[in-house]
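Structure 1 and structure 2 below are the same protein chain in two forms, each given by itself as structure tokens.
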Structure 1
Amino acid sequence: MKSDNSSCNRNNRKILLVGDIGKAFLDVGNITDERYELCANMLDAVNAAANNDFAGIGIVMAGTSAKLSSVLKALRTGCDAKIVLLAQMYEEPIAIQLLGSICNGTNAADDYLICPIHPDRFYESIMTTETRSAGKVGLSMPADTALETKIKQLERLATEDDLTGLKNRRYIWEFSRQIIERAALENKRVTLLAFDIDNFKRYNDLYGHSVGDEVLKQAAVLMQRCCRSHDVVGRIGGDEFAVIFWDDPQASPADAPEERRSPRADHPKEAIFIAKRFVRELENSELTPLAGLGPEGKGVLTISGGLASFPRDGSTIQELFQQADKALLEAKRSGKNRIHLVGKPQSDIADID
């Protein structure tokens, strides 16, 4: 039986890092032998954890989610180290799910961090946090709750748009980069919808900036309502928004047909369906700040957008944004209130069955 962690000096014990650390850390050079032991293989990690007294275990999730619950169960049985999941942005929902699942009377994992992360931040998260006590169900309590809360606040400020609560431009770009990298490896699809609100300046000029802000907020709420829970909606500037549609994170790579990644493959039907639904919702919505307009307030809010897909329209996020922006401009020139698909000139999604 291992000794109780809470009574041990955690600083004298090593941390086990499992998986492809290059995908998790900003500066892999800081991962030193004195502090860490590395395991590329999950089975070796279970073996190492069962035979050593580690202070904590960091698991790089990238591409391992299918077997992770079995691995966590085995780790919980074999040792009492603190387990921190190192998740890519797109893996956050799975990490949260795993944190909430119960394994041997406690949480399957103690915490998760979104990558890429600095090794010192990870080290602190292992060392400054108390381990779970035996049999206690619930998240671990940080030693310095105020500091932890502050860090979480700063993380939110760095990734979210203040006005709408959507993800900000920085998050969208980093998320897109990670998800495209994964899509290339696992034969998955990624689609970008870039859109803006038609004649947005007019709302500000006619009704004031507070009304303009309300329009942005309501457009954000409507878009989120139309999307699937794992799709990511962001405000990337002024009245410009971006939505990243991607394949279900729980689906295994084998589920994706080979033709999906073909450059000739069509845009995913799901993305087109959601975009069409959003346009329809906008038409039917009665925007609160414009309620004073009476019947004229209904359906006045319209958007123009462009939709680009990986890999057919580009292999990087820059290329996808360029293509989607071009399609958006075409949509504006063609009379607004429409979404154009890249590679299908003059084709509004409304015309697609």
Structure 2
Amino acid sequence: MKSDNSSCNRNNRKILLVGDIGKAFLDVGNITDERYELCANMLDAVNAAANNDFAGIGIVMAGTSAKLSSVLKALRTGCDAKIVLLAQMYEEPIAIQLLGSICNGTNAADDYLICPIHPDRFYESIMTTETRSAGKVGLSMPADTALETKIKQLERLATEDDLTGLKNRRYIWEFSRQIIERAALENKRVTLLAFDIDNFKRYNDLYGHSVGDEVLKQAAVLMQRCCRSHDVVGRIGGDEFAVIFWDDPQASPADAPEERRSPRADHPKEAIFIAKRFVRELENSELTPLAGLGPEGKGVLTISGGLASFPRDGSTIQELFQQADKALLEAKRSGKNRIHLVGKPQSDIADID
């Protein structure tokens, strides 16, 4: 691998962009030859990274998700440049998975950004990090670090619920819209679970809002524990939650279940299984350390919910939420503590083997 101790030469190093840049950047006209080298082909990108001293590598994830693990492994073997994944919102769960995977003793990628972004911002973020890591620690480093931290905090506040740490309503809505568009193109399915906590007002009235907040946090933790890593869990307001179940984007075609090939069949079995598991987890959970609940805490946290699938029950996120909300209300009318499917004669998922 090449190294360069010259500050001037270091700042002149290019960034390698891999994939369809039109899907990642707001102004592709600002992507100049002086700053960037472009590779649409993954094999060419691996060769370019091995034979050049790039300041960083940006990989456009759109259209490459199934191949990314092997590409990142090859890039890590051939160079030590910072690798940043350029993701659409619906690809964020995949990016998080890849950041956590280990390749050659280090993370497969170093960071990810949600697109579209401006090329100047991307260039500056790479070069600022590169200059700081290559040079000596100076007075500017704490300020740079604080600025990057502040930017990430603001981005997180825009997409996360501050109480539970789940995704917020805005994120869930946009993520769902994007993932439905993708599913329509690729003949795949998306399932929405909308649920709320039964008798939640009682927790606030009897024990106070601080205990109510703890109930919401516990429900969030349990739901995340039950879901797969690529599913997305959000709080959409009050005690209302939503979960987006979708096909594993990194699974090979050979791993795809037979039911996935028939998108208008019944609801995906994985979503029903996870929803059932969540109900069991709630029933078996002890609500300690929720101060004040005492012996009544065990087994009293229940939910009512509705499951709706694309394209079976709706072709847009608005239609899916409408259908799931109808099923949720039916679950409430039927006695609560249950999850109903859209369009089933026997709607309660507890009746499905």
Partner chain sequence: MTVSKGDSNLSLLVILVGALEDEFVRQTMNLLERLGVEFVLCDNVYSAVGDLAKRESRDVLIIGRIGLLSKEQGRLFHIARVKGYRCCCLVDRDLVCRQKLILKAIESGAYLIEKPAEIEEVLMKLLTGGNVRSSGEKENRRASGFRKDEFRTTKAELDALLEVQSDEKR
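Quick note, the numbers are simply positions in structure 1, starting from 1. These numbers were taken from a predicted model, which means no experiment stands behind them. Basically, rigid core = biggest C-alpha set you can superpose within 1.5 Å across the two forms.
Only structure 2 of the pair represents the form predicted on its own. After superposition on the rigid core, the Cα of residue 24 moves by 2 Å or more between structure 1 and structure 2. Comparing the forms between structure 1 and structure 2 on their rigid core, the Cα displacement of residue 185 stays under 2 Å.
Remark: with the core as the superposition reference, the CA shift of residue 112 between structure 1 and structure 2 reaches 2 Å or more. When the core is overlaid, the C-alpha of residue 94 ends up 3.6 Å from its other position between structure 1 and structure 2. On rigid-core superposition between structure 1 and structure 2, the C-alpha of residue 34 is found to move 12.4 angstrom.
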